[in-house]
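Just one chain is shown here, as structure tokens, and it is the form predicted on its own.
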Amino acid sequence: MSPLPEDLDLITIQRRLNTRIIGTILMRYERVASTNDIAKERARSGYPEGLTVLAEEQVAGRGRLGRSWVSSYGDALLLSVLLRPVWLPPGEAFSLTMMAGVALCEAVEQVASVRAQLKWPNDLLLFADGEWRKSAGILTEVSVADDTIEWAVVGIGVNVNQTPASAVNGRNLQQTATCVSAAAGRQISRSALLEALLAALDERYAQLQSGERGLLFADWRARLARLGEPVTVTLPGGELRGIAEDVAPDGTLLLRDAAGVLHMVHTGDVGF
């Protein structure tokens, strides 16, 4: 096994962290199938919430709708955070994705000094090469038993210093993706971004736990790109076109088609 890149030193990062829950336990791997899979295994074996699993490479990284997630070795942040929000009703589990999206925007803006937006429901958008492009994705997986969330794993993949150059799921990533350094115009410290992200997640998780879900929703909604504009939504069974009128507190997209019919979209991907 080759040495891990030295820019992510967990001992140094843990010493600098001042979080209450998130990142209290850090694990780092060179190559895994998926950090979400490892975090889920740790959840089932009883690890406490806050555990954060990092990897330099994922050979089976995935996003929503079964899509693959591609990133280059040593240039991205690939992590999954284990949470145990037993206090959160299962019907409000999407607020964990909202939390991660807002925290990711805050961390990137703090470290890279760029403006960040979110593409419904779970992608980070940064302005590069004259347009808004995807730089990160979020995948939240939840285990529910007896109407209680046993655990949740929030996976985050961020293209930090290298834009993917391949084609995945029929999409040329060179045309749709970017990285934080491209938007910032300079190299970005992965350790600084990781520390800022874990701190922002910790703060937003505390906000969610304290019952301030309305404030979190408002912050998430304010960062959504294309609200009030025409969009095309890719659904599991096809496409839907219309005006993205708004979002509901549970994360549902409210889309009105050309015939005036209002659709409530729970799962899909907004295209630009």
Partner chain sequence: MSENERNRTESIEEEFGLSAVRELLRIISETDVSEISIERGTTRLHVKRGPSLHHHAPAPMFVTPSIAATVQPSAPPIGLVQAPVQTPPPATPAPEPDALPPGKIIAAPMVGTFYAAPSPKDPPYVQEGDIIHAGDRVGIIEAMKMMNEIESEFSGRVVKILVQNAQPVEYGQPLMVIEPLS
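Numbering follows the first chain given and starts at 1. Given the structure is predicted, the values throughout are model-derived calculations rather than measurements.
Just so you know, the form predicted together with the partner chain exists too; it's not on screen, but the next bit is about it.
The listed set T176, Q117, S143, Q162 contains one residue whose heavy atoms approach the partner chain in the predicted bound form to within 4.5 Å, identified as S143.
For the options E49, E203, E212, E57, the residue carrying a heavy atom within 4.5 angstroms of the partner chain in the predicted bound form is E203. Not one of V158, S181 and V270 places a heavy atom within 4.5 Å of the partner chain in the predicted bound form. Contact between L139 and the partner chain in the predicted bound form is found at the 4.5 Å heavy atom cutoff. Within this chain, L77 is remote from the site of the partner chain in the predicted bound form, having no heavy atom within 4.5 Å. In the predicted bound form, D147 approaches the partner chain with a heavy atom inside 4.5 Å. The partner chain is not drawn, but in the predicted bound form it has a heavy atom within 4.5 Å of G91. Partner proximity in the predicted bound form, defined as non-hydrogen atoms within 4.5 angstroms of the partner chain, places exactly one of 125-133, 182-190, 77-85, 106-114 at the interface: 106-114. Scanning 220-239 for heavy atoms within 4.5 Å of the partner chain in the predicted bound form gives W220, R221, A222, R223, P236 in sequence order.
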